[in-house]
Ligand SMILES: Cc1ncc(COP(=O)(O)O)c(C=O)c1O
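As structure tokens, one chain now follows by itself in the form predicted alone.
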């Protein structure tokens, strides 16, 4: 005999669980990006040709994890490493992370600074929970991935620092310096999701010095310090000729107030393996370890051991990174060159030259225009037109808290092959040219 749970719920009538979820969680919204991705899957199932440039993930069909990872995971499983890991990570991985940061960033610290978790999200969430209280001021650049959700969960008074494309969508030093007084958390990410841009050396150095000045001013006042949450999960994937800049490498005095967040998710196309970590002063690591331990957000032991083995083989690490960077650069260069060629024809599109990660910032300058059956008053109408007319699925910057209806979108190239992407760019070119032709001088708008 089976029990029909759906029938039981239906028999109780509507409203049975309406008040079950309370507080900020009752207002929590699902991911806009995942919602668009679900729509793309439906369209593909219906037979429509759609190039999916939405989710910031890697398709194993095109991007395989390094063989060392899969082989070492199998070795660890065969050896019986299937029990709980230590709450802050296995010693082998913590030590390997220490060596990686000293080797590549020139930062020397003990393993007590490292807190391993199941990807980058738990340390990010833990930082918000540990260093903010409801009503505290928090800061980030705009656009930026997921900070709006974390601010809502923690009920902080979040202030987005508005940015411009010519600054790579990063705030200026003066913007940050003016906003820091009274703030508890500043979240930055470079290379940046969603824009694929990297922060300039002078900017991150200036921000780090402003952080030091602000926190030294607070000493002895009883006011808690401001913490810089520096998300660098893409730092090992710069575009050719681009250098990653680390605030502590540039301004060592800021180290007490910086929480680094990192993972193998992106740099080794290993999003599903769930190995990430934070690097932060030992006095702060303990509370983070406790929080991550209480919610059980540990990375699996076999994956941790395999990651340690890979990171401690610099030549293998570099070979894997070179291969992935080459694949990403081929795709990003293809998309950027295609859009630049369209813009050169006078078509209303623009892209920011990619500097890292797997993203490209695309602007489709159609706001206020119209054509038969379409009225482009917002990014959503442009997004739907791109899917229907060109078979190209992208994510509007509204998914990253940028409310302006300015035609900006994120393109993510980790789930497509070169041939598929090339065909999509051809369809996009044909759709825009067919509908809009060459724009007359003065009609293209400010594409900067």
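Positions refer to the first chain, counted from 1. The structure presented is a predicted model; accordingly, all values stated were derived computationally and were not measured.
Keep in mind that the form predicted in complex with this ligand is missing from the display, and what follows is about it.
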Contact assignment for this ligand in the model of the complex, among 355, 132, 265, 163, heavy atom within 4.5 Å
265
Candidate from 328, 339, 76, 120 lying within 4.5 Å of this ligand in the model of the complex - any heavy atom:
120
Even though this ligand is not shown here, does residue 289 get within 4.5 Å of it in the model of the complex, heavy atoms only?
no
Classify residue 158 as contacting or not contacting this ligand in the model of the complex by the rule of any non-hydrogen atom within 4.5 angstroms, answering yes or no.
no
How about residue 246: is it within 4.5 Å of this ligand in the model of the complex, going by heavy atoms?
no
Interface membership of residue 139, this ligand in the model of the complex, 4.5 Å heavy atom rule:
no
In contact with this ligand in the model of the complex (heavy atoms, 4.5 Å), from 246 to 254, 76 to 84, 292 to 300, 230 to 238, is stretch 230 to 238
Heavy atom within 4.5 Å of this ligand in the model of the complex: which residues of 177 to 192 meet that condition, in order?
189
